[in-house]
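One chain comes next, on its own, written out as structure tokens in the form predicted on its own.
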């Protein structure tokens, strides 16, 4: 069964200032969850905590499958992935950038090539496969980051402001990629954005953080 997440009573402070206040939510169903709210409200902090990148001050994040808790070990971390707004790119071809996650998992040869080519096609970067990743535009770089995440076939994909500082053309392509994931029964997507219209276009379930408090806008589709 696909992974789910139970986030319970998460709190977080930075320099004594409360960022998150007793935030709780159950990500049980597949689909696209959009977390919105004003800049600085704690969206990215909630995402980093939920993706096990950063610990909460208090509260718990429990992953489960078939209602059974899943240990927070390396095996679990390889079933989830987070794409940040500024994607780190290696001084290598686009193909090799995307293949890196497979390489460290021991996947090589034809199997790796087929997986990378599928990911490239999915994010519409096949024509850039032999180009150095450092020469891509910001929007193309963000799509490379998504391809690098998708190639390892995560069950939950966390996207932190994936269209921030991205031109309109690439923003629309990224939105289409997210919608295509859902159509093709891809990973559960948990994404932050400050763009309310984008949230309305993409969300199956809309979540809002204001003043560190998380509230659910309900199922939308």
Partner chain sequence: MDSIIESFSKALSLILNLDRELREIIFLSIEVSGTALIAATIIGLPVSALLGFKRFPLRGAIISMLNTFMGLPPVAVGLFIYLLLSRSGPLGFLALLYTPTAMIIAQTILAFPIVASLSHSAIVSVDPIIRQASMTLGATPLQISLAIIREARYGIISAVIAGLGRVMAEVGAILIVGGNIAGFTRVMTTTIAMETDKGNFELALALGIILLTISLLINLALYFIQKRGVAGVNR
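Since the structure is predicted, the reported quantities are computational estimates derived from the model, not experimental observations. Positions refer to the first chain, counted from 1.
Here the subject shifts to the form predicted together with the partner chain, a form of this protein not shown in this document.
- Residue contact check for residue 189: none of its heavy atoms lie within 4.5 Å of the partner chain in the predicted bound form.
- Residue 132 belongs to the set of residues with a heavy atom inside 4.5 Å of the partner chain in the predicted bound form.
- Although the partner is absent here, residue 105 is a contact residue: one of its heavy atoms lies within 4.5 angstroms of the partner chain in the predicted bound form.
- The partner chain in the predicted bound form comes within 4.5 Å of a heavy atom belonging to residue 88.
- Comment: 46-54 is the region of 177-185, 63-71, 46-54, 24-32 lying near the partner chain in the predicted bound form, near meaning a non-hydrogen atom within 4.5 Å.
- When contacts are defined as a non-hydrogen atom within 4.5 Å, all of 77, 81 and 84 contact the partner chain in the predicted bound form.
- Distance criterion of 4.5 Å from any heavy atom to the partner chain in the predicted bound form singles out 152 from the list 173, 41, 166, 152.
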